[in-house]
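A lone chain, given as structure tokens: the form predicted on its own.
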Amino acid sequence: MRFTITRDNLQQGLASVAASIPTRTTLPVLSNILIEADDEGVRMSGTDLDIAVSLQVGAEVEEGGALTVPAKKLQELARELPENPVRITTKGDRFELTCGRASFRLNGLPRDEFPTFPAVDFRESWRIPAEVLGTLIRQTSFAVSTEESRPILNGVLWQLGDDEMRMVATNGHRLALMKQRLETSGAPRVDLIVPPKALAQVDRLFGAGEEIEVARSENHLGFRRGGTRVFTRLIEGPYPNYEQVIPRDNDKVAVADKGALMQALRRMAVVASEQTHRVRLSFHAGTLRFSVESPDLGEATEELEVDYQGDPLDIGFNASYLLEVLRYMPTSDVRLTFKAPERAATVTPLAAEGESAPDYLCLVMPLRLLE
């Protein structure tokens, strides 16, 4: 293999693929990046066996070939190279790089040891604007569970219907749901449970003005645009019926400035218990009162003007969960609804007059208050 590549193209390719390479693995070749050269340019690929990323970059190829190279060391090296063309050659399993007056040799592993990518047939694919898909990913992925005891909740549920698609994520304490009209042909009616790490790669690698081609096999999903491809293993099993936990009869409503609400919550969180992060919210006509009592640290209170309709209500929340939900609200004002101190609350964006808010809902389960 022999080719010449610009330093920027080399750095871009390595940075795009590096996130898919595991930091720890018992299979040495998974710590490597696969570099393949042919008439179309240079393709760089990495995988952790669950997620695979492949990117094609421009280069002047003199002789084709393939070799896997230690990803971390090659990326560190590329970051420090001078701004000169980079000459790369291979001899057997040795990878040789020359840039300016500097030259390096790294020991690689043969192409044959690198795992093959999933067989996803793009002939039965559908297309989705990258901007739409990216918004769904960003607004929901934060809510996935990180506990291994319920692996089905470690994924994001992506539901495709006739004219609408949804993404849902939950860890049992909070939930994020976003809906979007599906203006594309060829999409199947299907529920897919996708690892959030794979969706993060899709959001990172595909630009806002692009259309992403999506296809699936029995247990894999593939995304591609131009020379960039992302493959992921799907999480198998039935996703919980999230519709059952979304309250339909919450009759107490508060409208608040998101920024002011977050600032007050952050101040209360400083004094809240490090175990529960419990903050009491007391709603009355026109006023929201925050209070915290922590035996180890002390007490705190604060009042905020809100538009509240309903009977007085005292309810407790984990400040971290409520703050996280608020952080993803895309509008400056938010609408919160409640039923009772032990029932789930909802948070939705509230658009300014004459504008429309996205179809987005977050749910937060309350904490029991201590009298």
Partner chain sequence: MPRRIQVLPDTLANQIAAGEVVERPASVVKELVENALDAAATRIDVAIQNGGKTEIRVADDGCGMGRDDALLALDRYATSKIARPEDLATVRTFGFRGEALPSIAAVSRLTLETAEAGEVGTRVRVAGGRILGAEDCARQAGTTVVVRNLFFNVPARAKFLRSAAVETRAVVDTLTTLALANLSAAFRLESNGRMLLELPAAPDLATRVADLWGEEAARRFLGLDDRSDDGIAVAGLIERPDAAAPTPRRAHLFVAGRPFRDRLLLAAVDRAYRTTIPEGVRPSVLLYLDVPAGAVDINVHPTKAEVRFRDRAAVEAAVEAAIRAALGRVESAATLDDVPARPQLRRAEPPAPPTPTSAAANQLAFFVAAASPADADAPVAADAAAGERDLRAHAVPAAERPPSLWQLHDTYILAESRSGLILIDQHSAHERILFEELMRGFADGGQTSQRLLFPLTLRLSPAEYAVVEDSLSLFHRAGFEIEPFGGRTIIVHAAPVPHPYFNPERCLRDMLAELAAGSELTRAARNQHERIAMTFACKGAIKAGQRLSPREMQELFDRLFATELPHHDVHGRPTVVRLSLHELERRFGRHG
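Residue numbers count along the first chain shown, from 1. Keep in mind that what you see is a predicted model, and the values were worked out from it rather than measured.
Keep in mind that the form predicted together with its partner chain is not shown, yet the notes after this line are about it.
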query	finding
Segment assignment from 233-241, 89-97, 254-262, 126-134: heavy atom within 4.5 Å of its partner chain in the predicted complex	233-241
Touches its partner chain in the predicted complex: V245 (any heavy atom, 4.5 Å)	yes
Non-hydrogen atom contact S149 with its partner chain in the predicted complex at 4.5 angstroms	yes
L175 within 4.5 Å of its partner chain in the predicted complex, heavy atoms	yes
Heavy atom of R278 within 4.5 Å of its partner chain in the predicted complex	yes
Contact residue in the predicted complex, from Q139, T228, T170, Q201 (heavy atom within 4.5 Å of its partner chain)	T170
Candidate from E40, E60, E342, E63 lying within 4.5 Å of its partner chain in the predicted complex - any heavy atom	E342
Candidate spot E274, Y321 and P366, all three touching its partner chain in the predicted complex (heavy atom, 4.5 Å)	yes
Its partner chain in the predicted complex - contacting residues of 72-91, heavy atom within 4.5 Å	none
